[in-house]
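Coming up is one lone chain in structure tokens, specifically the form predicted alone.
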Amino acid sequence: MGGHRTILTYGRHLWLKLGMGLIALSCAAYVWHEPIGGPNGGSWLGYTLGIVGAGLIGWLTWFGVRKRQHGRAGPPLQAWLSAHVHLGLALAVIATLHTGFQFGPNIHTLAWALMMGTIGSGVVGVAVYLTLPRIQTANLRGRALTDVLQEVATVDVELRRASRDVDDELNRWVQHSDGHCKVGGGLFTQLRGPNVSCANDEALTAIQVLVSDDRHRESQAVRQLLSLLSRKSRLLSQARREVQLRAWLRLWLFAHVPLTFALLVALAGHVLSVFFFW
């Protein structure tokens, strides 16, 4: 019942409603409150918003621990993730109101900036979480990456068998494809995906040129080679696209997780400076 659910609509928008409620309540209190000297983090409302914000940061950080506790009783992981998204967006407003829009070159502004950076990277993560599975399914057509790589290996066996019936020049290009094709590599190579230079594409192009200028007769064996090389090219493109998607996901984690730890350190410095040096 109720159609397709995502983390954004989980529980009939329960966490969206709670997040919007927190935002509305904080904004109303901010407009109503008129402290001497203007809004600031040292007023009673500033302290209240600060405590709420710090509590939200602690709870949101706990999600990183909770999602690794497989099989634990309690709300499903999708509910936690929905709350993580909507309360994280509410935190951006609550913490900004806590500052009273007073920014400067200090630990307080650093903590706020790291928080906004963490939330911003989280928004990117949500977009990835919602779109990546669909892209992966369309790319691999429902198969696993290991299945695609196994099919590449099978095509290589068929290429070696077919190359026995062609001359040495064509055979050398088949060997070039067999021995110089890689999937993966360094991070930058992975991020480039299907755009990397490919020995199989070079072999396919070279054999097509050789056949087109009549230096080689287009026999059944040559046509089979071209068909197999084309098939291998499509498979390699799919595999490299999958590796690329996974690499972009890891790159996002490399940004989001360190930002979270940096935020916790800056938040601790912010709290200590307020209570001991303010």
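All figures in this text were calculated on a predicted structure; none of them were measured in a lab. The numbering used is simple: start at 1 and walk along the sequence shown.
One more form of this protein exists, namely the form predicted together with a small molecule; it is left out here, but the text below deals with it.
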Open item on the list: I need the one stretch from 87 to 95, 172 to 180, 157 to 165, 134 to 142 whose residues put non-hydrogen atoms within 4.5 angstroms of the small molecule in the predicted bound form.
Closed with: 87 to 95
- [ ] Please pick, from 126, 199, 206, 152, the one residue with any non-hydrogen atom lying within 4.5 angstroms of the small molecule in the predicted bound form.
- [x] 126
Open item on the list: Quick check on this chain: which one of 237, 61, 230, 224 has a heavy atom within 4.5 Å of the small molecule in the predicted bound form?
Closed with: 61
Task: the small molecule contact at residue 16 in the predicted bound form, heavy atom, 4.5 Å - done: no
Open item on the list: Residue-level contact is defined here as any heavy atom of the residue lying within 4.5 Å of the small molecule in the predicted bound form; does residue 189 satisfy this criterion?
Closed with: no
TODO: Please check if residue 247 has a heavy atom lying within 4.5 Å of any heavy atom of the small molecule in the predicted bound form.
DONE: no
Open item on the list: So, residue 47 and the small molecule: in the predicted bound form, are they within 4.5 Å at any heavy atom pair?
Closed with: yes
